[in-house]
Structures are given as structure tokens and as C-alpha cells.
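Just the one chain here, the form predicted alone, laid out as C-alpha cells.
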Amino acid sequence: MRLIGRYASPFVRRVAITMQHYDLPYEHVSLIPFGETKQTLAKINPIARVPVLELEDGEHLFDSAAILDYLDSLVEPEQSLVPTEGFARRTVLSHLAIELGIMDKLVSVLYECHFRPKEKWHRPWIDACEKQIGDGFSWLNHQLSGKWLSGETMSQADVSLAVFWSFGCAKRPGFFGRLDCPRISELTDRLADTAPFKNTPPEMEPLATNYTGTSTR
């Protein structure tokens, strides 16, 4: 299999970490949906987004959620990071829904601040997104009452949460430094010491922002 996209993307990285956790071999193809490589990526994915997983027969899977669902099907049910049925499955999927919603808002703020000149930043939109980000992480921090978000073992909700939190801390250190989420920080630090996380360090990439505006959180 070939995983297309840079580890700098948290969506690519959570797929890569999952593949390594499952001991699924893959070739990593480092493409980004910006600059010179965007047209190359558009030949694979018509909307030029990552990640893309290319299977052995040439089939392409798009979107990290769809890819993770496929990867879960390759391992035994007891190995899957998303439970196969019942309350446990619903709980993990609910946590993932909040996490993906947070990332949607975080990326929106990054795009606003990266692609628009500062005098055109829409402050009410940034404020609204930041409140949703803060509220979402605060809720997840409260849910993390034990070692893992749900149950006695690690789930995809834990993997993705650690990936997303570390991405946010790297991109918006000032804002994330003001979020009071010690349990998420502890989980992220713990998983950062595991081989799949160590083997997928994010590369330097263009979506960096020097945004230091006042936060609502």
C-alpha cells in the first residue's frame, strides 16, 4: 500500500500511526495539496486533498475516516481501534466526531490567518471558531477520566486526540497554552513515546502562522 500525504497533516499522520500500530507495511509518498505538488495530487484525488491510500490493485481511498475504516477491516475485531458494535463503538465514534469538528474549526482559523492579509481577518469568525475549539477540548479533557477516553484499552479516539492536540500546540502554541487540558497533555506525552508516534514526526510545511491575536479562551 502507498500512503500519500505528508505527516505534517494530522489527518495523514493519524492514518500512518494506525498503520504502524497494526503492523501494516506501506510506502510513504510525501505530497502536499499546495504549490508544485498540488497538480500531481489532483491526478490522484480530484479535489487534491490528503490523505490518499493506494491499495495493491491500484484502488484509491480518500479521506482519513474512510481509510481508517478500511484499515480496521484488515485486523481481527479485538485488535481494531474502533470497536465493531454496541455502546463501545458509539462512544468512540462520538469522541471522534467531536475531535474532527474541532479540527475543522482549527484548520479554518489557520487558513484565515495564512491566506488572508491580517487587515482582512474576520475577528468574529476567529472568535467563534476558537470558542468551539476550546469548548471541544475542554469536554474531551473531562471525558478522559482514566488512562483512555473509553474502556480499558487505547482506541482511535485516543490516537486522533493526541495527534490533533500536538498539531494544535505546534501551530498555535500561545492559544493552546491557555487551554486547561492537563489530561489531554498527559495522554499526548504518553503516546508520543510510542514507536508509531516517534516514526511519524511532522515535517516542516507551509501552513504555519504567526497569528498571535487575543484569544477568547
Ligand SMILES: N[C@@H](CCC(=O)N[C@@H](CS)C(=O)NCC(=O)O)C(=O)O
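Just so we're clear, the structure is a prediction, and the values are computed from it rather than from any experiment. Residue indices: 1-based, along the sequence shown.
Although not depicted, the form predicted together with the ligand is the subject of the following passage.
message: Check Arg49 for me: does it contact the ligand in the predicted bound form (non-hydrogen atoms, 4.5 angstroms)?
response: Yes, Arg49 is a contact residue.
- request: Would you please decide whether Tyr111 lies within 4.5 angstroms of the ligand in the predicted bound form, comparing each non-hydrogen atom pair?
  value: Tyr111: contacts the ligand in the predicted bound form.
- request: Give a yes or no for Phe197: in the predicted bound form, does one of its heavy atoms lie within 4.5 Å of a heavy atom belonging to the ligand?
  value: No, no contact at 4.5 Å.
message: How about Ser9 - does it come within 4.5 Å of the ligand in the predicted bound form, if we only consider non-hydrogen atoms?
response: Taking the distances in the predicted bound form, the answer for Ser9 is yes, it comes within 4.5 Å of the ligand.
- request: Using heavy atoms only and a 4.5 Å cut-off, determine which of Glu54, Asp63, Asp69, Glu186 is in contact with the ligand in the predicted bound form.
  value: When the ligand is considered in the predicted bound form, the option within 4.5 Å is Asp63.
- prompt: Heavy atoms within 4.5 Å of the ligand in the predicted bound form: which of the stretches 187-195, 173-181, 150-158, 41-49 has them?
  reply: After filtering at 4.5 Å, what remains is 41-49.
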